[in-house]
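Take a look at this single chain in structure tokens; it is the form predicted alone.
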């Protein structure tokens, strides 16, 4: 049984008599300790799937299960202790008036977890930030450092699953590689399961064991890392994504 099971998921937004379907009948399964990628152009629905898992988007059809159990509505503390999300923009996702210490200790306070000082210091070590950064504010950090804080915050409750929504797209190329290597190391050390969104197949190829290609809210094709590496796509859309990504990598 997969750790994450999504069956026929649909997400429709309704407002003022109008409706827009962002995800339509998508199914996927992610095994424990696997890294699974969602890839597609902007507006393909990939980020909406992560938001639906977290309860941030309306599930209008289908089911989401974690460890065989239907996710509750609202999600609640037990869900938060098991599943955490890292967002695309590390500056927008951190409170500008909170120090790193407050940002990292807040999840522990909400869940009644002690040893705050030790766990905050360990979290900074885990993501490669000096402990002297503890009382800095987000504006005093680089973009890559802010994303490391966001990753540390997501790991404070020691979850099993990380949902990663374009976690490096707002970063410079050199910092992207450092962040991806950090995530891979943490997944290995902690036995984490990743469900990751990206529009960049090079990133997905570096990070993910399996890939689901999405277009216009629908699943188009599922690929293994080996399929992607050898360009064994079955659909024209997946081939066009691969070709575009390859062209970007060749640009000076």
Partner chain sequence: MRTMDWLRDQNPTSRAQARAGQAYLNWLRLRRNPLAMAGLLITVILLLVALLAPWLAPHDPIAQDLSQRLLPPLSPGYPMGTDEFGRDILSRILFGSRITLYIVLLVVLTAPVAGLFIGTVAGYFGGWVDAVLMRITDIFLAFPKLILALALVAVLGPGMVNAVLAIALTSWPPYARVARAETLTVRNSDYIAAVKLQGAGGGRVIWGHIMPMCLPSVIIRVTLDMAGVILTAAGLGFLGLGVQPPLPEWGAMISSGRKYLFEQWWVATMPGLAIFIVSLGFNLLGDGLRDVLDPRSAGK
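In this text the structure is predicted, and so the values were computed from the model without any measurement. Residue numbers count along the first chain shown, from 1.
Absent from the display: the form predicted in complex with its partner chain. The rest refers to it.
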Each of 148, 158 and 191 having a non-hydrogen atom within 4.5 Å of its partner chain in the predicted bound form: is that the case here? no
Is residue 126 close enough to its partner chain in the predicted bound form to count, meaning some heavy atom within 4.5 Å? no
Flag residue 122 as yes or no: does it have a non-hydrogen atom within 4.5 angstroms of any non-hydrogen atom of its partner chain in the predicted bound form? no
So in the predicted bound form, is its partner chain close enough to residue 54 to count as touching (4.5 Å, heavy atoms)? yes
Taking 4.5 angstroms as the cut-off for heavy atoms, does residue 114 touch its partner chain in the predicted bound form? no
Going through 132 to 157, which residues have a heavy atom within 4.5 Å of its partner chain in the predicted bound form? Please give them in sequence order. 132, 134, 135, 136, 137, 139, 153, 157
